[in-house]
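The chain below stands alone, shown as structure tokens; this is the form predicted on its own.
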């Protein structure tokens, strides 16, 4: 069996992804919910998804930079706790929309606003129920050479170019150009 995490491709068995897993283009982001650069990238990714539609599979993996972002770990765990309630992407968007307020109390408020069981979510965050999952994502990023966020891979190849809409769209639309 191919280890898609090692190949820096979305893994249908464990990754959170949008689109079809076998789409011709795979965009994988290692991100941190408290990272302002990741926050700036989100509307660009959404626009690329809108433009490419079924030709794109987008996946997100956690890479919390806890030494500079004290709330990033719990935010990532909250996203995983929301995933247990089938709401990863709603929480994902909410966390990026509220990067300046990611303490545990705010995480519980976001869960309640999304119609989730907020008490369950925050208990899972405080107990570290999803810490291993976040650590696995982080470790896969380290193995892939990730050393900051956001880090992007297009069809398994690291993309270090400009993060603006047009350059990133050009790279995603022509993955062979980044090799």
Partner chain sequence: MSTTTEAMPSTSTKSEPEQAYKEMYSKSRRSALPPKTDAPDFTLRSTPDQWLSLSEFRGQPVVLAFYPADWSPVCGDQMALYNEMLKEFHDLGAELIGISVDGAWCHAAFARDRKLHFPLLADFEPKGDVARRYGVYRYKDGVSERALFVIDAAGKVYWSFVSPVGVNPGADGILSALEDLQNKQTVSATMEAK
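No experiment lies behind these values; they were computed from the predicted model shown. Numbering follows the first chain given and starts at 1.
Only in words, not in the display: the form predicted in complex with its partner chain, which the text now covers.
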Quiz item: Any idea which of 145-153, 51-59, 110-118, 23-31 reaches within 4.5 Å of its partner chain in the predicted bound form, heavy atoms considered?
Solution: 145-153
Self-check item: Partner contact for residue 133 in the predicted bound form: its partner chain, 4.5 angstroms, heavy atom
Solution: no
Practice problem: Give a yes or no for residue 127: in the predicted bound form, does one of its heavy atoms lie within 4.5 Å of a heavy atom belonging to its partner chain? | Solution: no
Quiz prompt | Heavy atom of residue 65 within 4.5 Å of its partner chain in the predicted bound form | solution = yes
Exercise. With heavy atoms only and a cut-off of 4.5 Å, decide whether residue 36 touches its partner chain in the predicted bound form.
Key: yes
